[in-house]
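The chain that follows stands alone, in the form predicted alone, written as structure tokens.
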Amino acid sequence: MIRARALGKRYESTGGGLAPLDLEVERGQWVTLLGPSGCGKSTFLKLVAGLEVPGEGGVETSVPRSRMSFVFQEPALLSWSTVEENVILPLRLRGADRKEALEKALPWMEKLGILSFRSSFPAQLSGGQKMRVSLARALVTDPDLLLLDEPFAALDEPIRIELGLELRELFLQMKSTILMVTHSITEGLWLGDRVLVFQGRPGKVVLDEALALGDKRPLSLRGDVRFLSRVEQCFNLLKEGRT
């Protein structure tokens, strides 16, 4: 689905960015990207989405831009629009009439638990509710590729876990592909099928490993000895990259 060849992007002003990398992502994978700030994780997502121009090399995807959705760390909702209007916005921009858009949006709003406040405005919502709206807006187009840039970073841990469980279940139903940037090692390994660990500025991939944890991810998995050994492995690599 995604093929990067010598893909790189450096920001001279900060020294950060992405060192040239070769990488392939298969359809149906959830790939977690871990690494320090400035190592190119978010840059890689933006290059895949076409939001940034490569400094060198290139990236090809079998997914048209219309089949991609991007969820940023901040929900970026339209403050003057209701929850319902925010969710159906991508469909309306693609020419769907309101009735057609709502037919597609309402099931997603129900799945993500936001149907009861469909008429509310963003200022009336909690942080977790806003993120649910942002996810619904991204999923309403049934994307083949979902790009997540620290989507749960501003949320309390219980809400992060709850949304993580819900998103993992939706991922299994949709059979889409997910690239997720996170600074939480535990969260990233718990949700992902494959992990990439970056070191340095610009960032280089020092670990690319399948996780083989099964489709279902119960909360109890986070306390499993084998899981914790993987967390320790990634922690040590990230710690090593700081020295």
Partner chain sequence: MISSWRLAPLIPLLGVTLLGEFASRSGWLPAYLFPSPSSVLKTLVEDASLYRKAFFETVLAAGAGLGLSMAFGLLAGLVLAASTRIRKMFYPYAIFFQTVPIIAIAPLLVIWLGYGMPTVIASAFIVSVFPVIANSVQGLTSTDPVSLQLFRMLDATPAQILFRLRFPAAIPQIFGGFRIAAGLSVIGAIVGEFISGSGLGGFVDASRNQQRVDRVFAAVLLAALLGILFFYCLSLVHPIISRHEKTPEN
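Residue numbers count along the first chain shown, from 1. For clarity, every value in this text was computed on a predicted model and none was experimentally measured.
Only in words, not in the display: the form predicted in complex with its partner chain, which the text now covers.
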| Can you check whether residue 218 is within 4.5 Å of its partner chain in the predicted complex, heavy atom basis? | no
| query | At the 4.5 Å heavy atom threshold, is residue 172 in contact with its partner chain in the predicted complex? | reply | no
| said: Given that its partner chain is not shown alongside this chain, does residue 97 nevertheless sit within 4.5 Å of it in the predicted complex, heavy atom to heavy atom? | reply: no
| said: in the predicted complex, is there a heavy atom of its partner chain that lies within 4.5 Å of any heavy atom of residue 132, even though the partner is absent here? | reply: no
| message | Looking at 211, 207, 49, 185 here, can you tell me which has any non-hydrogen atom within 4.5 angstroms of its partner chain in the predicted complex? | response | 49
| message | Looking at 143, 128, 90, 113 here, can you tell me which has any non-hydrogen atom within 4.5 angstroms of its partner chain in the predicted complex? | response | 90
| Only one of 198-206, 66-74, 33-41, 176-184 gets a heavy atom within 4.5 Å of its partner chain in the predicted complex; which is it? | 66-74
| said: With its partner chain taken in the predicted complex, which residues across 105-126 come within 4.5 angstroms through any non-hydrogen atom? | reply: 121, 123, 124
